[in-house]
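What follows is one chain in structure tokens, specifically the form predicted alone.
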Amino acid sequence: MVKYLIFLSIGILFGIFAPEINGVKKVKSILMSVSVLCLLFFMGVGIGKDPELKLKIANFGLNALVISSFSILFSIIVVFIMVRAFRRHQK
């Protein structure tokens, strides 16, 4: 974890103090796109190589559905309570 923070800090400092050179933005954009695509490729390889993970993905989806449903439900309940409270307060 520390090595990631060190590399992130070096990148931030480089971004702040490095002079802006013509064409660097385009190269930086291409490098970032290639890096993200490589990261996604290797994540896919990791998922494809782990047979237990494929079985767990359905369980993760079900958990996400339950959590998001309860979040939406309680958000609606809180908004309903707040609207009623403010309407009473305004009268």
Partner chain sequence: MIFLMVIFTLLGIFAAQFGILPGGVIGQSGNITEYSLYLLLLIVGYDIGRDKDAVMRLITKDKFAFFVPFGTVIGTLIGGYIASLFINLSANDSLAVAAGFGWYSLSAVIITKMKSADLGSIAFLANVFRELLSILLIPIIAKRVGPYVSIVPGGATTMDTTLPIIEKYAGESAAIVAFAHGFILSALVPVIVPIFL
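Residue numbers count along the first chain shown, from 1. Treat the numbers as computed from the prediction; the structure is a model and nothing was measured. The term rigid core refers to the maximal set of C-alpha atoms that superpose within 1.5 Å between the two forms.
Another form, the form predicted together with the partner chain, is not on view; read the next lines as being about it.
Using a 4.5 Å cutoff between non-hydrogen atoms, Lys26 does not count as a contact of the partner chain in the predicted complex. Along 7 to 30, these residues reach a heavy atom to within 4.5 Å of the partner chain in the predicted complex: Phe7, Leu8, Ile10, Gly11, Ile12, Phe14, Gly15, Ile16, Ala18, Pro19, Glu20, Val24, Lys28. Core-superposed comparison between this form and the one not shown: the Cα of Ser33 travels less than 2 Å. The Cα shift for Phe42 between this form and the one not shown, taken after rigid core superposition, is smaller than 2 angstroms.
Note on Phe60 and Leu39: their C-alpha atoms are more widely spaced in the predicted complex, a change of at least 3 Å from this conformation. Between Leu65 and Phe41, the C-alpha separation shrinks by 3 Å or more in the predicted complex, relative to the conformation displayed.
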